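Before any questions on binding or motion, here is one chain by itself as structure tokens, the form predicted alone.
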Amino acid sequence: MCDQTFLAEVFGPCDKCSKDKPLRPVYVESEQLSYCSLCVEMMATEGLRENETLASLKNEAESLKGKLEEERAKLHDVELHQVAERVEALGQFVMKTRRTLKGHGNKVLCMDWCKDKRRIVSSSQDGKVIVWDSFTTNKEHAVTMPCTWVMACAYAPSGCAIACGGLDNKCSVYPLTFDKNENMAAKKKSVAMHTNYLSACSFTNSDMQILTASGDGTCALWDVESGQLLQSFHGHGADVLCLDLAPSETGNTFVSGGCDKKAMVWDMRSGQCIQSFETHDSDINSVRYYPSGDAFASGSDDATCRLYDLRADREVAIYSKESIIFGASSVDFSLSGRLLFAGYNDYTINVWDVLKGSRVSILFGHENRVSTLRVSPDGTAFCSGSWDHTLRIWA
């Protein structure tokens, strides 16, 4: 997707061969070292016993995965929809477009709500990042990025800054002020630098740290003030497309999804993957935590959305219908967690009953594929962005 390649963030002498090369962090007996990619490959084969090959080790890893799945299956005693049979069905469901935000000149790729429940930031293929007042539909700020395909944007928790990035491989932070004549581009701060496109970004619970996901197959945690890499997360086998931070105030975990069909849960303090789920049949485009933080949903190009329970360590529900053949691009939960909103490539938004697994509504309005969808912080509305160049607010 991205034909630009930038130097890796860490460049210097390798701790093994001492040559100046792009470096990767590796852990040897819990000590972090910086090795070049050649030394990493050599280290991977150093511990091989006689008659062992990388292929045989891969086969062993696959058999261990199979045994883990068998152990998980033993605990699978009941389906979620069976437990939910006694739960009362949802009543009449009516939602429609209340506002349409027009101003982008090309596909809307990402959006995020401000904590004030009113302002929205959106990014587009036209290279523009716009801050909107969702009540009046007025544009409050606009930034032109140095590249097109601005694939990620996020509002800072304080509401005083936005972050964005895309094919420039960077995550840039812009402070927001009330001065309409101020040149925002002059105050831009480049925080994160990946070796491929930036696919997603999210501030942590403060304005001082930001999480990023990239087409280089990694996620990373950065210090906003210094631009320093605090932690990197290696484990995906292909482009990472999405991430979501755990909802608790002290949340030290996040979930990511990517082109390797895996959803992975990470510990931000150690940089280690603590849970991994691989049940989708295609790229995972979106992941979102359940409001309690005990589960998360994913949306995939395989035309399904899935619910994973972290305590049960397994998939507990699939949201799909035979008539749905287009991929799900974005998912989000209602504030109560009873509804799952999912935007699809067939221009529709499907609303699912999380407990019963049934579809309760289809929302029509967009004239091209729905690319992004977020429920407002107070749960009274949600906003969707589309390749038809518009955003719509539904309630």
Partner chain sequence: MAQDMTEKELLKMELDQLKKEVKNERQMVSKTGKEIKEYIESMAGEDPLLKGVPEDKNPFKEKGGCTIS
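Positions refer to the first chain, counted from 1. Just so it is clear, the structure is predicted and the values come from calculations on it, not from any experiment.
Although it is not shown, the form predicted in complex with its partner chain is what the next lines describe.
Partner-facing stretch of 58-66, 322-330, 35-43, 364-372, counted where any non-hydrogen atom is within 4.5 angstroms of its partner chain in the model of the complex: The contacting stretch is 58-66.
Contact residue in the model of the complex, chosen from 140, 207, 309, 301 - any heavy atom within 4.5 Å of its partner chain: Comparing distances to its partner chain in the model of the complex, the residue within 4.5 Å is 309.
Interface residue in the model of the complex among 80, 184, 268, 161, criterion: non-hydrogen atom within 4.5 angstroms of its partner chain: Filtering the options by heavy-atom distance leaves 80.
Non-hydrogen atom within 4.5 Å of its partner chain in the model of the complex for each of 26, 109 and 128: No: no residue has a heavy atom within 4.5 Å of the partner.
is_contact(residue 170, its partner chain) in the model of the complex, heavy atom dist at most 4.5 Å: No, no contact at 4.5 Å.
4.5 Å heavy atom contact, residue 72 and its partner chain in the model of the complex: So residue 72 counts as contacting its partner chain.
Distance check, residue 342 to its partner chain in the model of the complex, heavy atom within 4.5 Å: No, residue 342 is distant from the partner.
Non-hydrogen atom contact residue 334 with its partner chain in the model of the complex at 4.5 angstroms: Yes, residue 334 sits close enough to its partner chain in the model of the complex that at least one of its heavy atoms falls within 4.5 Å.
Residues in 312-332 close to its partner chain in the model of the complex, defined by a heavy atom within 4.5 Å, in order: Counting only heavy atoms within 4.5 Å of its partner chain in the model of the complex, the contacting residues of 312-332 are 312, 313, 314, 316.
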